[in-house]
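Consider the single chain below, provided in structure tokens and representing the form predicted on its own.
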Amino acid sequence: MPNSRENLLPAVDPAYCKGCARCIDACLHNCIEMGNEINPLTGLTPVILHLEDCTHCGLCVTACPEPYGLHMDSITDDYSAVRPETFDGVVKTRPKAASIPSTKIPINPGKPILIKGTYASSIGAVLAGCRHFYGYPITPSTEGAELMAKLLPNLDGIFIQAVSEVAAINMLYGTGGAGLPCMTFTSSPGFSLMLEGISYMIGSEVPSVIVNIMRGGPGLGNIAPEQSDLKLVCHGLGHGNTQCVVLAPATPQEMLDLTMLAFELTFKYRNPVIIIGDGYLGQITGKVSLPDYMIQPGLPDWAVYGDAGHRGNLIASIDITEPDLEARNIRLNHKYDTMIKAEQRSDSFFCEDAEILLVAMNTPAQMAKGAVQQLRSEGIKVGLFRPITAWPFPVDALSKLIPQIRQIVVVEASNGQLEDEIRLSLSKAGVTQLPPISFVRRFGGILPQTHEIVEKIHALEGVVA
């Protein structure tokens, strides 16, 4: 037989009480006071009950905003909770939401269009189901945000120009936590400001897509193209144990295609996905073909969406106790390992019989491709290996080429950041016998040119111009 109200008294569960004092204000008999000891599990100070004069009215329980923080329960000697999942002696359960899967909707792609890279990424996001954008203007990525500002209001979407990049990334945290596709555009200094928020999102396992159109640095630098954020996106995503899939398109077409892929991957792994392009790629115009479908997003069961089915969900990156935080990191490590095995992507050009291997990504890969074509016409067996994922680095495909290669030349617009990724990835893969590695590097917004790459190969091969 359920307990009658006369046999029940308020009970506090310290793990849920946040010390808001609403119950104190509601009690007519001064039976509740603020505590003076911090709960080590929450860092908060729960209330203390003195229930000798309690009339079992339950007003304090009604005033409590936290489920299970204060509730009516069987009388105990210390007025503590017996079963935190019970109210009035009866077990309460909430309905749990089922995941609603995304669906593909056929569309007529029409004819190819000529658009710049940032526009292509914006269109890819809309086709992928993104209707929420938050960002702060920063050259050379701003045009992507401007197009989203034009498109989303007509699609019942949300565009907010945040007061800063810090604000924008935290808006992504909220919307991604609600299970909704969302994105931002930024550039190198703005990306640096977002790193703390990205760490929070990775720890909380919140999806979002972040497009970083890299520009020259350090500091304010300039607005010209560079590739010097590689160390950040691969190894510096805020504090702690943080990794994201990092996609590196080389053309406006890939800006669209990889943006659509990014939204797929961000929900697949419940993890932010980053797209990196150099400033030139963000601004260059190219022919882009649309897909024959668009995505109608679903709603995951884990989302903090606000309805009854999702109300029991919690998203947070805090674990007060050491074993809990270690368990979270072990779970994240398992996810990272899955990404490494499943998401390596690369492209090869004339690599089947190559003896000299160029490695490049983003726009410099286009210059390297032109160099391969010219050098092949001269009878020099050169190939291009292009990482499409900067992380996880496509080391499996690269490792298979190493035995036939007698020289690697890394082409990049940074001071060896791509070369560092190559060396580190091969070392972790156990590939220790490497051919000589040299490079063609430019800085400050100047990209390596085709003729510079050709001249480098000529010098290595002893070819007299």
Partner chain sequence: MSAFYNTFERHSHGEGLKGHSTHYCPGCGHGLAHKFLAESIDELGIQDRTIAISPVGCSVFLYYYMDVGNSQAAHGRAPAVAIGHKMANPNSIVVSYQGDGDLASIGLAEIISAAQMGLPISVIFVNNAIYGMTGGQMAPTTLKGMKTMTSPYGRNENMGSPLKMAELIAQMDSPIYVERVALFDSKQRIRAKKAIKKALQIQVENKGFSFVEVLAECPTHLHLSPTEAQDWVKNSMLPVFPLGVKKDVEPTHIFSFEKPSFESGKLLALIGATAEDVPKFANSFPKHIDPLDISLKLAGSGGDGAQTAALLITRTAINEGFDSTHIPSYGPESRGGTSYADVHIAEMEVLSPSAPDPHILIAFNQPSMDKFAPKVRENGIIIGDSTVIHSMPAIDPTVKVVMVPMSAIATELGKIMVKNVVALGALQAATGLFPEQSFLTAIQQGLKDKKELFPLNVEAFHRGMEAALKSEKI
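Here, rigid core means the biggest group of C-alpha atoms that superpose within 1.5 Å across both forms. Numbering follows the first chain given and starts at 1. The structure displayed is predicted, hence computed values, not measured ones.
There is another form of the same protein, the form predicted together with its partner chain; it is not shown, and what comes next is about it.
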Identify which of I380, A178, L332, A149 has a heavy atom within 4.5 Å of its partner chain in the predicted bound form; exactly one of them does. A178
Of the options G286, P189, P137, G236, which one has a non-hydrogen atom that comes within 4.5 Å of its partner chain in the predicted bound form? G286
Segment that reaches its partner chain in the predicted bound form - one of 164-172, 352-360, 335-343, 258-266, heavy atoms within 4.5 Å: 164-172
Taking its partner chain as it sits in the predicted bound form, is E196 in contact with it (heavy atom to heavy atom, 4.5 Å or less)? yes
So in the predicted bound form, is its partner chain close enough to S427 to count as touching (4.5 Å, heavy atoms)? no
Flag K18 as yes or no: does it have a non-hydrogen atom within 4.5 angstroms of any non-hydrogen atom of its partner chain in the predicted bound form? yes
V395: heavy atom within 4.5 Å of its partner chain in the predicted bound form? no
Considering only 368-402, what residues come within 4.5 Å of its partner chain in the predicted bound form, judged by heavy atoms? K369, G370, Q373
Given a core-based superposition, decide whether the C-alpha of P436 shifts by 2 Å or more between this form and the one not shown. no
Just checking, between this form and the one not shown and with the core aligned, does G19 shift 2 Å or more at the CA? yes
Quick one: once the rigid core is lined up, does N415 have its C-alpha move by 2 Å or more between this form and the one not shown? no
